[in-house]
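Just the one chain here, the form predicted alone, laid out as structure tokens.
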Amino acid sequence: MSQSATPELQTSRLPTALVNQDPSVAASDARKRKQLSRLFFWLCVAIASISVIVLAVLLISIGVQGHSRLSADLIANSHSELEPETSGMRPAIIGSLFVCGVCGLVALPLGIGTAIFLEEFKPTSKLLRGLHGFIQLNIANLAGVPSIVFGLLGLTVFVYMFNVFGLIQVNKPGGWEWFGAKHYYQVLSLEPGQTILIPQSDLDKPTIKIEGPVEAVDADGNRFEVRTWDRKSGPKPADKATRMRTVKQGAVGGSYSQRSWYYFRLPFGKSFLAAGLTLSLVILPVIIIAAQEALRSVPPSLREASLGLGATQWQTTRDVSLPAALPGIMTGAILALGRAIGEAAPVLVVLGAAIAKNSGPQNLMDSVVTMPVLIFNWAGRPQAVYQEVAAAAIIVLLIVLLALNSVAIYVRNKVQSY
């Protein structure tokens, strides 16, 4: 009796419009929903196809324009004003890798650590929860700030450091030099083409005039006494070793600095270190947000099980949450670093538009040329040859970007398999 009454009871609870619905109207509505669904599907396909077609047209256009300049010279040579046909981008490739290396070394641990703190160690008090929400809101807003703003911030903070340590001036030691630099006066000896290095005691004195014997250093750092020679005293010394340690009476020497690869000073000036730190500011919000989303995707049951077994919050984060979220975190990091290697505006603000450099950085405070800046310079020139090498440089930039992304994806998959 009760089993036969159950369907009637359920039917009575349905809305009247559904119970008394005309079958033909229901079929018509179902057909309309299917048509809308099919229309939406094809709309998505059309939008995706347009994006792919535009991308393909751009790639084909760049390939047609720049394929003739894809040669070994483009990779091995540096920029040349006299011979643009043989201009290359070797210093720019090295410079971009150094800048992105600094950017990744700073932004990845800082961004992932911030995401872990904000997501896994949320405060419980009302005041700290408000502060947590304020920080979260600012990070979300920073992700949408134009990169040129970060470039101006990096110029103020990293390049000049608010002028706290003094300005960096051309050919003059500036700021606060910590280590890695030796300053000398460079004076011509009597031996043609040979110079003598005299230790510079007063950094504010740019030149020195040799009026008598002074102490100098040789190429091995050994100290010796420099002799002076005057025409009135007789002919020049005949011995080559003596001529190499003798200068003319009254010879003037200019300041000269030897810098090791670990040369470090404050402020950073227009160095690749300042450019890398500025780019790290650009991608830091993206990494934080991507890492937070990856941590949120970890099922809460995993954390609850770990905490239920007696693990601490840090142990749960280290052994449960972080390994589960690592693929998502690395995906966000790959996208962020891909953005960093193609950024031109903040690098232009920090390093300037100079491209006349024949090598990569020689020390931590050295400037570099990056691929986006070089492409920006070449693309702005009216000569057809520069338009072609700019297109070829874009292809090289894409290849480098794909290579870096491939390595990162490979590392992510290897980590995920453990």
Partner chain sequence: MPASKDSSLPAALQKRNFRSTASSEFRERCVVAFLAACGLTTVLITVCIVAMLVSQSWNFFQSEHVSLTDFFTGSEWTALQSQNLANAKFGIWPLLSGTLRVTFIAMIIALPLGLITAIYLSEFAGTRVRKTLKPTLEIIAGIPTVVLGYFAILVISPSLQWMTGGAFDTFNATSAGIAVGILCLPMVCSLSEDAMRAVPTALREGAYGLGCTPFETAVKVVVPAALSGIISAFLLAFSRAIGETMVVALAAGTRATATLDPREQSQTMTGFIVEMIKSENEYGTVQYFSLYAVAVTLFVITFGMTLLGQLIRRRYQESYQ
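Throughout, rigid core stands for the largest set of C-alpha atoms superposing within 1.5 Å between the two forms. Positions refer to the first chain, counted from 1. Just so it is clear, the structure is predicted and the values come from calculations on it, not from any experiment.
Absent from the display: the form predicted in complex with its partner chain. The rest refers to it.
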| query | Using heavy atoms and a 4.5 Å limit, would one call L70 a contact residue for its partner chain in the predicted bound form? | reply | no
| query | L398 near its partner chain in the predicted bound form, any heavy atom under 4.5 Å? | reply | yes
| request: State yes or no: in the predicted bound form, is some non-hydrogen atom of T114 no more than 4.5 angstroms from a non-hydrogen atom of its partner chain? | output: yes
| message | Is I394 near its partner chain? Define near as a heavy atom within 4.5 Å, in the predicted bound form. | response | yes
| remark: In contact with its partner chain in the predicted bound form (heavy atoms, 4.5 Å), from 193-201, 95-103, 157-165, 296-304, is stretch 157-165
| request: Quick one: from I148, L266, V217, V252, grab the residue that has a heavy atom within 4.5 Å of its partner chain in the predicted bound form. | output: I148
| field | Residues within 4.5 Å of its partner chain in the predicted bound form, restricted to 346-368 and counted by heavy atom | value | L348, V349, G352, A353
| task | Take the rigid core as the frame of reference and indicate whether the C-alpha of A408 shifts by 2 Å or more between the shown form and the other one. | result | yes
